[in-house]
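Shown here is one chain on its own, the form predicted on its own, set out as structure tokens.
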Amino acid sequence: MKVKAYAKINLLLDIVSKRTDGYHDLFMIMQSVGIYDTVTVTLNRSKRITVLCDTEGVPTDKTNIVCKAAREFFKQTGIKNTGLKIIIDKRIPHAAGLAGGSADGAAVLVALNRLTGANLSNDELCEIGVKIGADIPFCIKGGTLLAQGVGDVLNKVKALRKCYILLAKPDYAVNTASAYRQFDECGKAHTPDKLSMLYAMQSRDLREIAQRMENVFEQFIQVPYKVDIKDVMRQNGALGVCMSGSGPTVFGIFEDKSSARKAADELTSFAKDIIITTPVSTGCKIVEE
């Protein structure tokens, strides 16, 4: 079974507090975008989980999130794992703050649910997914959602209007666990205006949404060329710019594709991966059985 696993961006990301269990309560408005990995899952009789991926830096052993997702699926459903092969065709930049790994894990859960005949609801799949990664529930459902708790409490908000989203990832890595530790040590200097952003989302005012985008990680995560990337995007007509997740990808929202293309052309000296995409309404999509 082949599944398209779509990336996400954070239109707003606030860390509300650190929980007693060590995790963090979050407030995120998340948006699926049209760039995706293709994950192929095949059941076999090998009695083991095999992962294949030729993208540098992506592990193919049991540490890959797709292995963890598969093991958790079999554990929670009680279905026997006779063996499976997972092939990941990466298009989402690795370690980019775009939930590429979580999207792949979500795709495995969606595929196994269909292949094994488990027939779990999306909510039940999300309950399994959150045990593996906080972004997996969103990646299962996708679209435009408000995510709270550790990312497991999802509520719909009105879909983002048609626009063009320019993604630019510098050649730099951010460790998410380290980013959260910095928050625990330093706190935040400013809290995003969550209520105003929700009003803007519900009115589907693209300009207002873009201007209110904010990510608290930007207060203490330093990403090379981030300022330059944002300047280029703004100079070429971006309605708003922001960093996604814990970084390092910076994105801009544009009303027309030609402006996004012009900005993309000017970003080649600052970013390794440059992609123009659009909002999509799903997280995982089965494309072949």
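Keep in mind it's a predicted model, so treat the numbers as computed, not measured. Numbers for residues come from their place in the sequence shown, where the first is 1.
Not pictured, yet referred to below: the form predicted together with a small molecule.
Partner-facing stretch of 188 to 196, 150 to 158, 202 to 210, 91 to 99, counted where any non-hydrogen atom is within 4.5 angstroms of the small molecule in the model of the complex: Looking at the other structure, the answer is 91 to 99.
Sole residue of 235, 63, 222, 44 within 4.5 Å of the small molecule in the model of the complex, by heavy atom: If I apply the 4.5 Å criterion carefully, the residue I get is 63.
State yes or no: in the model of the complex, is some non-hydrogen atom of residue 239 no more than 4.5 angstroms from a non-hydrogen atom of the small molecule? Looking in the model of the complex, residue contacts with the small molecule do not include residue 239, since no heavy atom lies within 4.5 Å.
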